[in-house]
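This document opens with one chain alone, in structure tokens, the form predicted alone.
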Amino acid sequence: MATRASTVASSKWLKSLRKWYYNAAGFNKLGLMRDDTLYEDEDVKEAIRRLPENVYNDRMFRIKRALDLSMRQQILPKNQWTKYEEDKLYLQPYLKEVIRERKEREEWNKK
């Protein structure tokens, strides 16, 4: 019973640490999501290309707005910040598929 209580306490502590780090990173103050901040290597570029049009347009809007805010050295009003709970990893399923395909292609080319 004690281990279950310590696991729950540890889980709550870890979640609060993640939430703190998310807010400390600052990208949410510009209205960005985590996947908007990924370095665009070849795999990420291909995953972005595969996004549905509406998701791609939303991403581009967030990035352009963040660039504009950054140039003016401003941030969004607090009620418009991206919240930790609302941030979804919209690019990850496409990115995992692209990486899996690339690895499969590399294995195939080895033979």
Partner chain sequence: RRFYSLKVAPKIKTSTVKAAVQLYPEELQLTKLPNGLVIASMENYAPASRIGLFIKAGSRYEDATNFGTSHLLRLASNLTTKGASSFKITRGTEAVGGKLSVTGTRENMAYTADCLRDDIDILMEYLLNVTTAPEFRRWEVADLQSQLKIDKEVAFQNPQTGVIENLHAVAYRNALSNPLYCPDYKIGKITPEELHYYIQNNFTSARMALVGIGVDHTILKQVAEQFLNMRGGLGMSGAKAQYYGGEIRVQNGDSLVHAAIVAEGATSGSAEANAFSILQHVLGAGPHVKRGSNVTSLLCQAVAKGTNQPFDVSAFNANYSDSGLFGIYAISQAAAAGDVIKAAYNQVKAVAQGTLSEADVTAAKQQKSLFLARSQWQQVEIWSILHSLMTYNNEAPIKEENK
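Note that the structure is predicted; figures quoted are calculated from it, not measured. Positions refer to the first chain, counted from 1.
A second form of this protein, the form predicted in complex with the partner chain, is not displayed here; the remarks below concern that form.
Contact annotation: L51 falls within 4.5 Å of the partner chain in the predicted complex, judged by heavy atom distances. Among residues of the shown chain, E97 is one whose heavy atoms approach the partner chain to within 4.5 Å in the predicted complex. With the partner chain left out of view, the stretch that reaches within 4.5 Å of it through heavy atoms in the predicted complex is, among 58-66, 79-87, 25-33, 42-50, 42-50.
Contacts between 89-111 and the partner chain, taken as any heavy atom within 4.5 Å in the predicted complex, involve Y94, E97, R100, E101, E104, R105, W108, N109.
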